[in-house]
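One chain follows as structure tokens, the form predicted alone.
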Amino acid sequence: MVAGSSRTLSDQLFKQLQQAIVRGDIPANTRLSETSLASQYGVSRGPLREAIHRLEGRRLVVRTPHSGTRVVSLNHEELIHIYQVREVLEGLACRLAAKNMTEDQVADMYTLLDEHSQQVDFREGVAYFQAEGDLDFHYRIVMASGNQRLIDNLCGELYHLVRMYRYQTSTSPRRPEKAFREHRQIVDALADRDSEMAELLMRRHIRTARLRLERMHTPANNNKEYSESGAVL
């Protein structure tokens, strides 16, 4: 196999594994067996190892001595702390975006929501899945804030980890429709250039996720690691 085709195969495998982890098809804390994955995806060990190494770089998998490589898992307290920070920082990002977004960018946000509404999982009420980068509602708003410190914090090393937990409880009953409706209200505030309302709605949106997490787990379970559950959109 030539280097170019090996790289292409590794890229494809990386994307497949990343999506499987984010969607919970490979649950948190799962030990990754190179033998099983190579057989499942029909690849050799080389491209697989490169793909897993890239997943480590995105903090979706962790390698520990004597226990191999596993899908990352957060305990209850760690996840709540992340969502407390998100509530404040994404609220600020939304406030800034209301001032800085161009008319075209606002129009693109409505187009993005229209695209989300056509997803099969969403139409069936199963889940609200957002691909990474410009296809992600939250990512788009943070980037539009124009504040590089916010961008580094919210779209940096924790970004894909947060996406994993956002998705996995977007599958709870009625959550996809409610989250989508909240997104639409936020974009309406951006379109109105109402920075205070935009920040309020975003903070409320993320706070709802955090409160649901707190209800999902009793104090006795706070130190347990998550498997297929996580945080809401």
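Being a predicted model, the structure only gives us computed values, none of them experimental. Take the two forms, find the largest set of C-alpha atoms that superpose within 1.5 Å, and that set is the rigid core. So that there is no doubt, residue numbering starts at 1 and follows the sequence shown.
What comes next is about the form predicted in complex with the DNA, which is not displayed.
Peer 1: Verify the contact flag for Met197: yes if a non-hydrogen atom of it lies within 4.5 Å of a non-hydrogen atom of the DNA in the predicted bound form, no if not.
Peer 2: Met197 lies outside the contact set for the DNA.
Peer 1: In the predicted bound form, does Glu177 come within 4.5 Å of the DNA, counting heavy atoms only?
Peer 2: No, Glu177 is distant from the partner.
Peer 1: Within 4.5 Å, heavy atoms only: does Ser10 come near the DNA in the predicted bound form?
Peer 2: It does: once the DNA is placed as it appears in the predicted bound form, Ser10 has a heavy atom within 4.5 Å of it.
Peer 1: So, in the predicted bound form, is Thr208 in contact with the DNA at a 4.5 angstroms heavy atom limit?
Peer 2: Residue-level check for Thr208: no, no contact with the DNA.
Peer 1: Which listed residue (Arg49, Arg184, Arg59, Arg204) meets the criterion of a heavy atom within 4.5 Å of the DNA in the predicted bound form?
Peer 2: So the residue touching the DNA in the predicted bound form, by this definition, is Arg49.
Peer 1: Enumerate the residues of 65-84 that have a non-hydrogen atom within 4.5 Å of the DNA in the predicted bound form, in sequence order, or give none.
Peer 2: Pro65, His66, Ser67, Gly68, in sequence order.
Peer 1: Taking the rigid core as the reference frame, is the Cα of Arg181 displaced by 2 Å or more between the shown form and the other one?
Peer 2: Arg181: C-alpha displaced by less than 2 Å between the shown form and the other one.
Peer 1: Rigid core aligned, does the Cα position of Ala51 differ by 2 Å or more between the shown form and the other one?
Peer 2: For Ala51, whose C-alpha is compared between the shown form and the other one after core superposition, the shift is 2 Å or more.
Peer 1: Verify the C-alpha shift of Ser195 between the shown form and the other one: is it 2 Å or more after superposing the core?
Peer 2: Ser195: C-alpha displaced by less than 2 Å between the shown form and the other one.
Peer 1: Check Glu56 against Val88 at the C-alpha atoms and report closer or farther in the predicted bound form, compared with the shown form; the change is 3 Å or more.
Peer 2: Distance between the C-alphas of Glu56 and Val88: shorter in the predicted bound form, by 3 Å or more.
Peer 1: Would one find the Cα atoms of Ile52 and Asp152 closer or farther in the predicted bound form than in this form, where their distance changes by 3 Å or more?
Peer 2: Pair moves closer in the predicted bound form.
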